[in-house]
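In the form predicted alone, a lone chain appears below as structure tokens.
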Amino acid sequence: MIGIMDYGIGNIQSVKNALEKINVSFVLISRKADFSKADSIILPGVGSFGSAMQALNKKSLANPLKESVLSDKKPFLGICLGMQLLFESSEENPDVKGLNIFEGIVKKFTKAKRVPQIGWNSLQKTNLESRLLKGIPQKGDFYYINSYFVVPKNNNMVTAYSKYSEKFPAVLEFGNIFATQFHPEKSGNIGLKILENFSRF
């Protein structure tokens, strides 16, 4: 059973629709007690880094989320902003602390003529053994909406990159933790394949 984080920040409906298309059961996580119902967790995110962390903390979800991921080792998928929240901080809201699951920061595109990046972009797999990207073509196209990108201290967790005026991590994998900067739930059949792969972890 997949638990979708329902904290007021994120396109919950699109993720729900995508999981329904691939016949995967899910529950919504909006309070601490809900974590016990889920075997794995998806953290969607749309909006600002600061408002997302504020929402997680206001609902007292940040710490139980970290416990589920780090202690209980439940498979986790962060989508877009949900990927960025895994890190220490973001240039978007420098005074706001992220979940701090990974060392690193979130930086803004500075070389692009247009920000945010909105639309389809291809990725370059750097780890052909990627579990999340199993069955995904080398330069598959996915849908992005982002002004910022993660800069992890440990580049070994990056399993695919994309380029938007500059190269940036598109997919992360580290143990039970997975994340995509793109929106698999908005990327058609190729995106559904990502969610299907995750549902099997």
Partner chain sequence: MLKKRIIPCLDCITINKEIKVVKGRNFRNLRPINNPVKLAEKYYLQGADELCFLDIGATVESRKTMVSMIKKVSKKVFIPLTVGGGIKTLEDAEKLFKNGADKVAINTAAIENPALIAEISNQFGKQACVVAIDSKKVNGLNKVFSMAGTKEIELLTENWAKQVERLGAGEILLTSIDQDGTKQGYDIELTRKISENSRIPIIASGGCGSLQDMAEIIQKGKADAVLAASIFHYDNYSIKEVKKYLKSKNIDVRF
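Positions refer to the first chain, counted from 1. For clarity, every value in this text was computed on a predicted model and none was experimentally measured.
Omitted here: the form predicted together with its partner chain. The next part is about that form.
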>> When the contact criterion is heavy atoms within 4.5 Å, does residue 25 count as touching its partner chain in the model of the complex?
In response: no
> How about residue 149: is it within 4.5 Å of its partner chain in the model of the complex, going by heavy atoms?
Replying inline: no
> Within a 4.5 Å heavy atom cut-off, is residue 128 in contact with its partner chain in the model of the complex?
Replying inline: no
>> Within 4.5 Å, heavy atoms only: does residue 143 come near its partner chain in the model of the complex?
In response: yes
>> If the criterion is a non-hydrogen atom within 4.5 angstroms, does every one of 30, 35 and 197 touch its partner chain in the model of the complex?
In response: no
>> Looking at heavy atoms inside 4.5 Å, which stretch does its partner chain contact in the model of the complex, given the options 96-104, 120-128, 68-76, 82-90?
In response: 120-128
> Pick from 136, 55, 158, 46: which has a non-hydrogen atom within 4.5 Å of its partner chain in the model of the complex?
Replying inline: 46
> Taking heavy atoms and a 4.5 Å limit, what residues of 105-120 are near its partner chain in the model of the complex?
Replying inline: 112, 113, 114, 115, 116, 117, 118, 119, 120
